[in-house]
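This document opens with one chain alone, in structure tokens, the form predicted on its own.
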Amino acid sequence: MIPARFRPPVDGRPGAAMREAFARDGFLIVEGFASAAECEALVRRAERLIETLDRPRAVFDTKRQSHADDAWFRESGDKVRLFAEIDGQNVNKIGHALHLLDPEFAAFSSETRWMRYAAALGLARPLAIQSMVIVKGPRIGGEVDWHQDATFLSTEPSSVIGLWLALEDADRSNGCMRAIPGAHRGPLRRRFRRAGDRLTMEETSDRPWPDTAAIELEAPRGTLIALHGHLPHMSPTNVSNRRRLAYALHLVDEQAHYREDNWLPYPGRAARGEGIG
């Protein structure tokens, strides 16, 4: 399957063909969502954060979820923190409240174009709840295992949408995203939630991933990929000599019930978190 690709609509509002592609595939690819200048400014800001923030105190491991036992991760929902690759040195990502606390990312994330896409794709009252810069360094950027975004941000009814922006070119050699088209119509397989003072991964369905072949979602710089909360997706290790930076903003419907045992506190509390310079 060759995925459908679109250009930003003139009025900024996704039309019927874009909405149909999202409903059919569980993802939407929009090339040119952000300009090269906008991407470069966010890359420079991310590099500055990596230089100036406290060094990572937790490894981010999507396979074993070992970071769940570390307070550095558990308490990061209302902060901006660095997380390390499995080597313990290189940065894996910056999270999780850039859209609230960092001046440049907050200004970019609050632009109406984000909310227009979220609204067109099904959110009655879009609410940005989590953000991160994902870093896949050359020959070190680790694999992100198969997952569904609703595993980590659960509402009733399910409503999370991920808006993923390529700040640098993402292709098959440097770990572009892979997805299973149409598989968003299946159940949620797992939930990552709070159980007292701990975070735990709970199995919610034993249905295996569909045997439909996954496809590569290559994304030139400035491309937006919108992801349904139930869509299985992953990204492999970066085996190239080129870095791959991306910015991800996750939104839920404010009209849906945000479950109290989600790992990430409701954003009304997150807004009172730590500021950064």
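Just count from 1 along the sequence shown to find any residue number. Everything numeric here is computed off the predicted structure, so don't read it as measured data.
There is another form of the same protein, the form predicted together with a small molecule; it is not shown, and what comes next is about it.
- None of 177, 118, 153, 82 but one reaches within 4.5 angstroms of the small molecule in the predicted bound form through a heavy atom, and that residue is 177.
- Checking 131-139, 74-82, 191-199, 106-114 against the small molecule in the predicted bound form, the stretch whose residues place heavy atoms within 4.5 Å of it is 131-139.
- Among heavy atoms of residue 149, some come within 4.5 Å of the small molecule in the predicted bound form.
- When the small molecule is considered in the predicted bound form, residue 100 lies well away from it, no heavy atom lying within 4.5 Å.
- Taking the partner from elsewhere, residue 235 is found to have a heavy atom lying within 4.5 Å of the small molecule in the predicted bound form.
- At the 4.5 Å threshold, heavy atoms of residue 144 reach the small molecule in the predicted bound form.
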